[in-house]
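So this first bit is one chain, no partners, the form predicted on its own, shown in structure tokens.
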């Protein structure tokens, strides 16, 4: 790279990019010493302030290019699965801590000396800018669900931004989309390098759309879709009876899906190059979609089927998404919830396994969660009530959560409101018999706080230390 590309304006003069990299890395080290979350975004924010174009040049140094993953639900898990598949193939620059804005991508680039390939989870709203700057080799788009309406707006607005971003992609960029999502699957139309993935197993389909389903209307003419199979929310095999817009042909498919409760899932992965049985140690139909996305993305990057399958089968869940932590003679099982579609799938997974008798739910309304928590009224918590004996409601909006379960039919004397998370965890563990498992369903910031609390008690390493390992 020439002198012009390696220098950037800094405080009125042109400084070498290497000097700014050193400064940003030093800031990360100081942040870690100060205990500020491991410095996962500090160096990227500093570099971004000094020179936004530095991100572009850092990405251009990756000899194998960059791949982006975005979705409302599952982008962290999909990225982690793809990283596991790619581990024997290339040295990665990967924002495994989940910092998925431009600053997080910049920090991952700074931290990854000698990386050959970039793999970046990207926030839905940040995708257009990250794609413009990185000019990625591949982009994987998983789904669009209603989420954080106060930040994103209705999902149609995000879909329009994604459509514009896809239109700006270089012609050689591989586009990988979930064909079961009408808004996302339609992005493959007219893109020469598109790969479409989806699920084909009507045994696991619902006969009708859930009441919380989002994309019910044709993206072309506005007529309600007719579904042959509805798997998760609005994801499924759809067709417009008016204009004929339908799910596109699937290139990478999951068939013969078997759900094994909380212990895992298995399915037949079919690709143009062949098929293979995949056994996953994470549960739920939603993880079939995550695995499909990771498989389709890594296939587009040239990874052979046997390596894809080996990577998926060696995968363990991303922190907080499905994580078991031993707490003395009890176990804590954490499953993230953040919107109706994702929470409904967590409920379905729990009911299909060993439904909990004691449940800890932590509801926060921080910026990263979304200020509007009315989404809890679109979650079908009712199937849990058949086994649930005690609910411990915690977090900043614990009272609203307790009210939701009261309206669901859980007796008042079975609901305990404990706003402080540490006290709520202690109460949940007290209600859980020795040798048993406490199930916790936290929103995003509550999940981070819960894990920090458990790490502070010495039961697990802080997540940013694991991410840096």
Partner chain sequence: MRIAVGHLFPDYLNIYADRGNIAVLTRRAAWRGHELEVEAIGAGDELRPGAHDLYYIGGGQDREQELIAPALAALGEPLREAVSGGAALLAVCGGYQLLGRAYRDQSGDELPGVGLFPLHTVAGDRRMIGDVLLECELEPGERRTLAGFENHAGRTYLDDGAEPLGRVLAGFGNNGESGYEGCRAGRAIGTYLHGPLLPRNPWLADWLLAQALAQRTGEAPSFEPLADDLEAAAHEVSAGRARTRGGRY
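Positions refer to the first chain, counted from 1. Please read all numbers here as calculations on a predicted model, not as lab measurements.
In what follows, reference is made to the form predicted together with its partner chain, a form of this protein that is not presented.
Judged by heavy atoms within 4.5 Å of its partner chain in the predicted bound form, the contact stretch among the candidates 169-177, 394-402, 288-296, 325-333 is 394-402. Every residue in the set 155, 365 and 412 has a non-hydrogen atom no more than 4.5 Å from its partner chain in the predicted bound form. The contact with its partner chain in the predicted bound form, taken as any heavy atom within 4.5 Å, belongs to 218 out of 218, 350, 93, 361. In summary, among the residues 146, 321, 161, 191, the only one with a non-hydrogen atom within 4.5 Å of its partner chain in the predicted bound form is 146. Using a 4.5 angstroms threshold between heavy atoms, residue 277 stays clear of its partner chain in the predicted bound form. Residue contact with its partner chain in the predicted bound form: residue 123 places no heavy atom within 4.5 Å of it. For residue 373, a non-hydrogen atom is located within 4.5 Å of its partner chain in the predicted bound form, even though that partner is not displayed.
Although the partner is absent here, residue 214 lies within 4.5 Å of its partner chain in the predicted bound form, judged by heavy atoms. Contact residues in stretch 372-392 (any heavy atom within 4.5 Å of its partner chain, taken in the predicted bound form) are 372, 373, 374, 377, 378, 379, 380.
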